[in-house]
Each structure stands twice: as C-alpha cells, then as structure tokens.
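Quick heads-up: it's one chain on its own, the form predicted on its own, in structure tokens.
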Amino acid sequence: MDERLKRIRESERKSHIEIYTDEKLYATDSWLKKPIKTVRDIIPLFEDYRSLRVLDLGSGVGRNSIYVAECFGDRDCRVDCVDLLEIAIQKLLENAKEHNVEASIMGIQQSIEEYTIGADYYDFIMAISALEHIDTEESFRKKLLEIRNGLREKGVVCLVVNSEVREKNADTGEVVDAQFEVNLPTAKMQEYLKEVFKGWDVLKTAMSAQEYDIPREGFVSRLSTNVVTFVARKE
C-alpha cells in the first residue's frame, strides 16, 4: 500500500470513527438520519420477490442496508454488508439488533476491492459514496464489471459516486488534498458507467453539485463534489 493510500485511509478511518461514535442511526441531523431517497424509490421493484439477496458495498453502520432488511422482513432477505472499518461493522450489527433485522444482516469487514462478488448471485447491489474509496482506478473499473456480472436477471444496481472532489480548510480556505482514493472527472465517471452497463434498462442517471463540511484530523474540511447517481436493471 503506497503512502498516499495509507494517508487517505487513516484520515477516513478517523473521521468515520468520530461520526459513528457521536451519531445514532436514524436519530440524528447528520447523513445518518435516513436512507437515501434513491434506495427508497427502488424498493417497490422487489415487491413480488419471495426471497432477496442484496449486497451493500461500503455499508457503514447500516444507513441503507437496515432499511432494506426492514422493508423485506416478512420474507427471506439477506443483506451482505461490506465495510473496511471494524467500528462500522460493529455498529452495523448493533443497529441490526436494535431494529430487529439481525437475522438478515451479514457484516463483512473487508475492503471493497478485496471482496469478491460471485456471478449471478445478487438481486440488488448498492454502493453509496463507496466506490470512490477503492484503491485504484483500475480496481474501480474491475469492481464495476464484477457488479455487472454479480447481478441476476432483472437485478438492480444502485451507485452513488463522488467525482471531481475538492477539499479546503473550512476556517482558513487553504486547499488540501482530497481524501478520496479514486477522484475521477465527472464525464469520465459517467462514461465508465455507461460503457459497463450498456444494454441495461437505465432507471435513473443524474449529477448534482454538493458542498458540505466533514471532520478531518485537526480541522474541518469543506468538501465540494459532483455526485453521480446511476440506477439500472439487468435485461
């Protein structure tokens, strides 16, 4: 692991530990307040399924995966939740128990690039603000191909990925290195998605410019990003 990757992952580890320690899932004013709208909008696509296999890459403490498990609590539902951080998986399992979905939630502590997605295995794969934390651009592209091949017929992919990320010290305005392993131009990110999922039924594609503050070691960073959202169903 090169020095830049080590530095980014240590910075992300510290900032997420702070967030996960201080914030309670679905009971906070932070981004952990509720699952994202795009995931909520996808749920009706699976209403007729008697069983469901879901993968949440970069699951964190269960913001989206626990919601999915709750929605399908009356049937066979398994959600594999992959995250690099030990504290994330620990909190995920605690939250799953609190929300009575522990039987459906499987916590897997592993980096996204190391986790192998089996072919034709999942009905729904989501990666929310996660794929940009894969170690290299090459690994990013390989993981997109794995996601494509890992979905069954009529399977759905939901990706929300940051691109063209900029960071600066919120107090001083000093520009700092963006703490993202893969930081692609927006147009290139969109082209990758279009190419890999060519021929699929694209249900949503969008880009929105966003800005928010995030804790970094010793300071608060003001982060600007173009968030790319992509949802498609396998034909």
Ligand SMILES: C[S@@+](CC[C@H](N)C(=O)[O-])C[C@H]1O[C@@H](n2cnc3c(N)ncnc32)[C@H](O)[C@@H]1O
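Keep in mind that what you see is a predicted model, and the values were worked out from it rather than measured. Numbers follow the displayed sequence, beginning with 1.
Not on display, but discussed next: the form predicted together with the named molecule.
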- prompt: Each of N64, I112 and H133 near the named molecule in the model of the complex, meaning some heavy atom within 4.5 Å?
  reply: yes
message: Just to confirm, with a 4.5 Å cut-off on non-hydrogen atoms, which of I125, V101, L84, C77 contacts the named molecule in the model of the complex?
response: L84
statement: Checked S139, Q90, S129, N149 for heavy atoms within 4.5 Å of the named molecule in the model of the complex; positive is S129
query: Can you say which of 68-76, 149-157, 93-101, 112-120 gets within 4.5 Å of the named molecule in the model of the complex, counting heavy atoms only?
result: 112-120
message: Check R216 for me: does it contact the named molecule in the model of the complex (non-hydrogen atoms, 4.5 angstroms)?
response: no
query: Can Y49 be called a contact residue for the named molecule in the model of the complex at 4.5 Å between heavy atoms?
result: no
query: Even though the named molecule is not shown here, does K24 get within 4.5 Å of it in the model of the complex, heavy atoms only?
result: no
message: Can you tell me if K14 lies within 4.5 angstroms of the named molecule in the model of the complex, counting non-hydrogen atoms only?
response: no
